[in-house]
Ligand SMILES: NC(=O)c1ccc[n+]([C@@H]2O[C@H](COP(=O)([O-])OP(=O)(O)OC[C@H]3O[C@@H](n4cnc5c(N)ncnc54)[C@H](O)[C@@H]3O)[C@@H](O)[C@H]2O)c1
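Form predicted alone, single chain, as structure tokens, below.
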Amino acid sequence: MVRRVKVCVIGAGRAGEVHALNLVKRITIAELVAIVDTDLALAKQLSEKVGGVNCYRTLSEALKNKEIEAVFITTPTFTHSQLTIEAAEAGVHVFCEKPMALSLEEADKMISVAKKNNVKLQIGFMRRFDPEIRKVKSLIVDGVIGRPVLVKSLTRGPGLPPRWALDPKTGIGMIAEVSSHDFDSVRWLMGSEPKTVYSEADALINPDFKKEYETYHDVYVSIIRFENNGIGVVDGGCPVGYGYDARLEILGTEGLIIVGDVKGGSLMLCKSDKKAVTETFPSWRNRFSEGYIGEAESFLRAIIEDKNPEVTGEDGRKALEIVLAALESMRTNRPVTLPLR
């Protein structure tokens, strides 16, 4: 008989819906038993889409249901630390979406409490589970392109993140919400720890937003120098309007790997006006659909097989540290040395 982990999804928004639908329809080792959202009506709407499960306004209420073994936290970043700690102290395993937290202090507390209570803590870097990107990692490890010397990653989104993500009181900005994945990918593929970060950013698409949020930025680039002397480059822009765009390029001493395409498929329409038309990915949900399934399966197998998650709390902390260094570099117009104090 297949062992199924009983799961609660916290947050009934876009990311919560992706995870809930995957857990119910695509992952055989999961049993979704509860949804939590402060907006109970939203939780009930999602519950109807997945066939009907218990709904709660708070995690505290949900945890009275002792059958819950794991939670998927998909709520705003400023809630991640509190929810992770509450779940871990109840002995419940935690999958937490990125960015992991608002500060390194919060991230350290999340890691510490998870270890103290012997629960798994995995951070939601789904790109590591995208089939093509996993293949890229295997090629690098096998030495197919020699030693990686330059890793470039870009993400451009069609729409703005929620307002809370842009407000310094509740979020850590566009670069965190859009490009945490890029920083994790560059570090993972380079196979080395960062030692300096230099970033440039500005509000070039929506300059009026700076009137409301002084630190607002919507176009940015970061250059990372690694301990193995490799160089990483992350660039992003949002909102770009033309679609969701995520690409990687890895230059090695003996070759090059490129993965990702601005095109969302191979279909192209050509007419007598001599124009070729194709489609882009409408959102991250489409571009990384397989990655979302893969990361959830990996987390649940870590619980069933009692092994360390493939993407740990420490990985989430490292990505957060690079983001915070990038933000400090934007503020000072100078390179920032890691680790941060």
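None of the values given here were measured: they were computed from a predicted structure. The first residue of the shown sequence is 1; numbering continues from there.
Below: the form predicted in complex with the named molecule, not depicted.
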| property | result |
| --- | --- |
| Non-hydrogen atom contact residue 25 with the named molecule in the model of the complex at 4.5 angstroms | no |
| Proximity of residue 14 to the named molecule in the model of the complex, heavy atoms at 4.5 Å | yes |
| Residue 158, heavy atom within 4.5 angstroms of the named molecule in the model of the complex | no |
| Partner proximity in the model of the complex: residue 99 to the named molecule, non-hydrogen atom cutoff 4.5 Å | yes |
| Among the candidates 67, 279, 306, 39, the residue which, in the model of the complex, approaches the named molecule to within 4.5 Å (heavy atoms) | 39 |
| Proximity to the named molecule in the model of the complex, single hit among 140, 83, 201, 114 (heavy atom within 4.5 Å) | 83 |
| Candidate stretches 158 to 166, 189 to 197, 267 to 275, 207 to 215, one within 4.5 Å of the named molecule in the model of the complex by heavy atom | 158 to 166 |
| Check all three, 260, 289 and 291, heavy atom within 4.5 Å of the named molecule in the model of the complex | no |
| Contacts with the named molecule in the model of the complex, stretch 66 to 92 (heavy atom within 4.5 Å) | 74, 75, 76, 77, 79, 80, 83 |
